[in-house]
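Have a look below at one chain only, the form predicted on its own, in structure tokens format.
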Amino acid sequence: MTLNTEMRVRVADIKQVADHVKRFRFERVDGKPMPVFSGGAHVVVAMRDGAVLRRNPYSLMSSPEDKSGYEISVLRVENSRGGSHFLHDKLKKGDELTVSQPVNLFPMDQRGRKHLFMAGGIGITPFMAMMDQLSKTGEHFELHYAVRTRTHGAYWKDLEQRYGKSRVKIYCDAENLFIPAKAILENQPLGTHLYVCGPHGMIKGVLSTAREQGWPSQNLHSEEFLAPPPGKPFNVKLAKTNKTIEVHSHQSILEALEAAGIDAPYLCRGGACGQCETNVVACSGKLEHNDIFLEPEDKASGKKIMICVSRISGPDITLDL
């Protein structure tokens, strides 16, 4: 279950904004205003794809001041588990679906004297709302945005025009232009906060560089929603109800529980928030931790698992559910 109320929305607009990237605008079916959100927030979009119900998190990229609708941008991924293909290939203007109320696991730190954003690819989306919010309050920010090619990069022209090339720097892999993270990070005023969103390797590299330069951990912020990887099927035994449920190869534990009509908590569905952390009672196999939330010692203990992205290699696991 989500910890907030879901809303029925209608697809008000769909626009191709770059190679393999589409923007979707949702407005409430009942005509009411959208709940307020802050830059960095996301929603979970529920998509009925035939017999399968898919729930994926997407960052809100529209202006936080726009209560008439929410906008997300989605990259069509070739090896997608189905969510991006559904949105790109099946969803049409006028269709209805369900979204959660917004949750912010990637908020801006209001103590920051300057906000430094580094984005890679579709990782630009949370920064769109952040920059809109900061521009209206007159706060200092700077964006460094890496794209694979100019046609693959969404919104870079619009961002340059709106905020100016002094605050928006574009880097293109195809042109051998890469973000000089080390040089940028060592030339920031005291009180700057760093925010990184993009591919895993980029996030890891930028944060590692910042730590090597002595950036305090409280000034470092990142967001990455992970997709549950496939694996061999296994059974989940629920200690409190004595039920046994099969988790299929391309299914997360959370998805298997939901398909069986069992309500389980979640917020991000991407291994980042900790809401679905579950105690392991027993496991006849090896835990495969795919989250970025649990500490190394928690993963090594074998007593905890994030059911939205992690699984096991083995026949069965018993959970405290």
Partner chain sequence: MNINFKKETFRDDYTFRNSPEAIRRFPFPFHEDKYMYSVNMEPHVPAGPAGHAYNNGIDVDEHFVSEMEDRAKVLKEDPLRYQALPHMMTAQWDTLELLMEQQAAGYPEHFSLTKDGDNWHWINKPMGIDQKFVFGDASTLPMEPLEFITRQAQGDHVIVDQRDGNLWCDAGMVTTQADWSLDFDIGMNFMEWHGPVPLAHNLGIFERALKFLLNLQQGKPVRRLNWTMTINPRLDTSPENYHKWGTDRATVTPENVGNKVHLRCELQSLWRLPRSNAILFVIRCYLIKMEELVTVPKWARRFHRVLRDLPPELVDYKGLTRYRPTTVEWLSKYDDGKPTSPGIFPE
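The shown structure was predicted, so the numbers you read here are calculated from the model rather than taken from an experiment. Residue numbers count along the first chain shown, from 1.
Another form, the form predicted in complex with the partner chain, is not on view; read the next lines as being about it.
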{"item": "The partner chain in the predicted complex: contacted by all of 249, 285 and 290, heavy atom 4.5 Å", "value": "no"}
{"item": "Partner-proximal stretch of 252 to 260, 270 to 278, 46 to 54, 24 to 32 relative to the partner chain in the predicted complex, 4.5 angstroms, heavy atom", "value": "270 to 278"}
{"item": "Contacting member of 188, 104, 222, 235, with respect to the partner chain in the predicted complex [4.5 Å, heavy atom]", "value": "104"}
{"item": "Candidate from 109, 96, 212, 175 lying within 4.5 Å of the partner chain in the predicted complex - any heavy atom", "value": "109"}
{"item": "4.5 Å heavy atom contact, residue 295 to the partner chain in the predicted complex", "value": "no"}
{"item": "Heavy atom of residue 38 within 4.5 Å of the partner chain in the predicted complex", "value": "yes"}
{"item": "Any non-hydrogen atom of residue 133 within 4.5 angstroms of the partner chain in the predicted complex", "value": "yes"}
{"item": "Residue 218, heavy atom within 4.5 angstroms of the partner chain in the predicted complex", "value": "yes"}
